[in-house]
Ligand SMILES: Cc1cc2nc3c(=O)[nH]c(=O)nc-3n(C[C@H](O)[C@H](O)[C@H](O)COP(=O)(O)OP(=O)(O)OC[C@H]3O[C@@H](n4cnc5c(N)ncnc54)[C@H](O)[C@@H]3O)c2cc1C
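Take a look at this single chain in C-alpha cells; it is the form predicted alone.
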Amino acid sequence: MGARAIRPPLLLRPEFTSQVSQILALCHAHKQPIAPQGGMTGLVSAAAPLEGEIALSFERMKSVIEVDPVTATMTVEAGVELQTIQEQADAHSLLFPLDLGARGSCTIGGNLSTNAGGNRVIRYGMTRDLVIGVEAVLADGTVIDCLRKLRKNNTGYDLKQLFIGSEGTLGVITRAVLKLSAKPSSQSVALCGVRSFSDVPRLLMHMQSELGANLSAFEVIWNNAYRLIDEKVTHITVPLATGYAFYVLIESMGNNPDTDGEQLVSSLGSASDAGLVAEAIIADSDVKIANLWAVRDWAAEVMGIGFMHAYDVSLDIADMGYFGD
C-alpha cells in the first residue's frame, strides 16, 4: 500500500531447510538482520524489509510432503499456499478448517508465525489448535525438529507452540505437520440482515444454542462495508437490501445432510420470531454458498478502494459496537 517501500539489498530463495540453516547461521555470525517473507498478505508490514534487511522468501519451499489419512495429518513446507492445503485435504475427503480471504496467496508458514484466526475460529480454533508439529530454524542456524504426527503426546515441552505466533522472533518455521478433520457432509450458509449491534451477540448465542457444534462460522459485516461492495464491486451482487445496520453470515457444517439444512432454517425462524433477524437468505446450492462467502471475502478487500490504512485487531464483543460506530 506504499507505506513501506524499502528495496532489500538481497533476496534469498532457499529450497531446503538445510539452506535456511546455512543462511541464518551466516547472517547471525555477521549480525545481518533478515525479513522472512511468505505470501505477503499480512496487514502489519511484517514481511516488508527495513533499511539494510535481507529478504528471505519461502516461495521455493512449497511441497506437500505427505497426506496421511490414517492419522488425519498433512506434512507441508512453509511456502505452501493455504488454498493448496485445503484442496489436498479435500481430495482425501478431509478438511483443513483454517480459512482466510487471502487463501490463494497466503502461505502456511505465515499463517503459523502469526497464529492466524480466519473464518472458522468459532468451531475449530486458531491456527495453533490445528498444528501437531513443526520444524524451525533458530537464528544461529540450529534446526529444531518437532515433526511428530502423534496427537497424544505428553513428552516434555511443547516447543512448537513457542514458534507459532512468534512472528519469526524465536525462529523461522520451515515445515509443519497439520491436523486435519473429517470432512463434513453438509454445508448450509445464510446471510442475515440485523437492525442493531445489540442483536448481534444475542443472535450468536442463539445460533450456538440451536446449532451446537455444527456452527462453523459467524461473520459480521458492517453496513458501510456492505454498501461499498454493492457500489464498487461490479461482479458481486449483494443478496439483501443495503438498509440494515449489520449483515451476519452464518455457516453450519455437519454430517446429516437430511436434517442439517432444516435445522438452520428452523434456527433462523426462531431468531426471526425473537426479533434478532430482520431478513435472511439461505444458500441452497454450492454456487449460492460461494456467492455468499464472496460477499464476506470482499468486505475485507473492498476497503482497498481509495486511500486505506489497514489493521487487524481483536476486541471483546462488548466493545465492538462502540468502535464500529
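Start at 1 with the first residue shown and count on from there. Because the structure is predicted, anything quoted here is derived from the model rather than measured.
Not pictured, yet referred to below: the form predicted together with this ligand.
Q: Name the stretch, out of 35-43, 66-74, 279-287, 265-273, where some heavy atom lies within 4.5 Å of this ligand in the model of the complex.
A: Answer to the contact question: 35-43.
Q: Which pick from I132, V194, I164, A116 sits with a heavy atom within 4.5 Å of this ligand in the model of the complex?
A: Result of the distance check: A116.
Q: Of these, L180, I250, I85, V172, which has a heavy atom no more than 4.5 Å from this ligand in the model of the complex?
A: Here the answer is residue option V172.
Q: Using the partner position in the model of the complex, report whether G168 sits within 4.5 Å of this ligand, counting heavy atoms only.
A: So G168 counts as contacting this ligand.
Q: G141 versus this ligand, in the model of the complex: is there a non-hydrogen atom within 4.5 Å?
A: G141: no, not in contact with this ligand in the model of the complex.
Q: Indicate whether P201 is a 4.5 Å heavy atom neighbour of this ligand in the model of the complex.
A: Judged by the heavy-atom cut-off of 4.5 Å, P201 is well away from this ligand in the model of the complex.
Q: Find out whether any non-hydrogen atom of E15 is located within 4.5 angstroms of this ligand in the model of the complex, and reply yes or no.
A: Close contact is absent here: in the model of the complex, E15 is far from this ligand, nothing within 4.5 Å, heavy atoms only.
Q: If we check this ligand in the model of the complex, which of the residues in 97-115 reach within 4.5 angstroms of it by a non-hydrogen atom?
A: Read in sequence order, the residues that approach this ligand (within 4.5 Å, in the model of the complex) are L100, G101, A102, C106, T107, G109, G110, N111, S113, T114.
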